[in-house]
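Read the single chain below, which is given as structure tokens and is the form predicted alone.
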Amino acid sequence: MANKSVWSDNRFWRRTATWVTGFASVLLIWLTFDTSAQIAMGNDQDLQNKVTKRVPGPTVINYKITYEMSAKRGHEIPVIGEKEKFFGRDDYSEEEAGALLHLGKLGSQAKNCMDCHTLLGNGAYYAPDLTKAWLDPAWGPDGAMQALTGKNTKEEAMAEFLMHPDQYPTHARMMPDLGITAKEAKGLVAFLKHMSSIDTNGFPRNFGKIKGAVHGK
């Protein structure tokens, strides 16, 4: 009787399938725990001790955020700097900051922002990607939006635009007036500022090409 090739042996393939399935399961479990640790939100103590977290704590709204090129990683990363006033304060507690972010997140969902915009890779491409909107130099002191809205700070200009977008036509695809209140606008801007502080591995890839975005103020 001729020797049977191992490639046609059902037992070989059953054993192989068992080993591959077992290895893949172990790898998936390890990746799950590793990812959970990577995306776990930091806290105020981390920020005070300058401990870098991929997702900083809510009180990051008390700090200056810039976007800088990392030679080691080959793309831009958010950098948390010194204290910076946000709507006149730089001492929001974790509870206050967390409540603002929660309000902003709920607002972004209630107003269906992702029907037009992209947030952290999710949503649509009809309107600008908002993942790093806080870092867009257009909202900075040398950008057009503060002058256009008549506001003196980035957060006030963003809030004013959100409340009355129809008064500031900046694009052929105008944002509709969604009836956003001052309180909701403050929460949304806090949500956008926190989202810009998240290390997204250089996403969106084309953001760093905007003049003034990298090392922006």
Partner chain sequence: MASKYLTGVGSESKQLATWYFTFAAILFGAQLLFGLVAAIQYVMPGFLYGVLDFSIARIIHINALVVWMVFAMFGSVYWLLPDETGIETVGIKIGKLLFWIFAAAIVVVVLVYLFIQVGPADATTIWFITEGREYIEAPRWADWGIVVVALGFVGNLFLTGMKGEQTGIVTVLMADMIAFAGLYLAGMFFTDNITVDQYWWWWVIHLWVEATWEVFVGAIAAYGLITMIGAHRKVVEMWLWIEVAMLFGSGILGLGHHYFWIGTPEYWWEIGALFSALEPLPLVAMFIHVLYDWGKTQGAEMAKEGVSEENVKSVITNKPAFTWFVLNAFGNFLGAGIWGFFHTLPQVNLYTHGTQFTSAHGHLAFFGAYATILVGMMYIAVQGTNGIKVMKHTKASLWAVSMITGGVVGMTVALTIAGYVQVLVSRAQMGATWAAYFDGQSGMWFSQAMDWRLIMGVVTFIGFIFLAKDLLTTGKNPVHER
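Rigid core (definition): largest C-alpha set, two forms, superposition within 1.5 Å. Positions refer to the first chain, counted from 1. All values derive from a computational prediction rather than experimental measurement.
The protein also exists as the form predicted together with its partner chain; that form is not presented, and the subsequent description refers to it.
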- [ ] Run the contact test on Arg89, Glu96 and Ala159 with a 4.5 Å heavy atom cut-off to its partner chain in the predicted complex and return yes or no.
- [x] no
TODO: Have a look at Thr35, Asn152, Thr52, Gln45 for me and say which one sits with a heavy atom within 4.5 Å of its partner chain in the predicted complex.
DONE: Thr35
Task: is_contact(Ile80, its partner chain) in the predicted complex, heavy atom dist at most 4.5 Å - done: no
- [ ] Look up in the predicted complex whether His75 has a non-hydrogen atom within 4.5 angstroms of its partner chain, and give yes or no.
- [x] yes
Task: Non-hydrogen atom contact Ala110 with its partner chain in the predicted complex at 4.5 angstroms - done: yes
- [ ] Using a 4.5 Å heavy atom cut-off, state whether Ala124 contacts its partner chain in the predicted complex.
- [x] yes
- [ ] Go through 155-172 residue by residue and record those having a heavy atom within 4.5 Å of its partner chain in the predicted complex; state none if no residue qualifies.
- [x] Phe161, Asp166, Thr170, His171, Ala172
- [ ] Examine Asn201 after superposing the rigid core and state whether its CA is displaced by 2 Å or more between this form and the one not shown.
- [x] no
Open item on the list: Does Leu28 move appreciably between this form and the one not shown, meaning a CA displacement of 2 Å or more on the superposed rigid core?
Closed with: yes
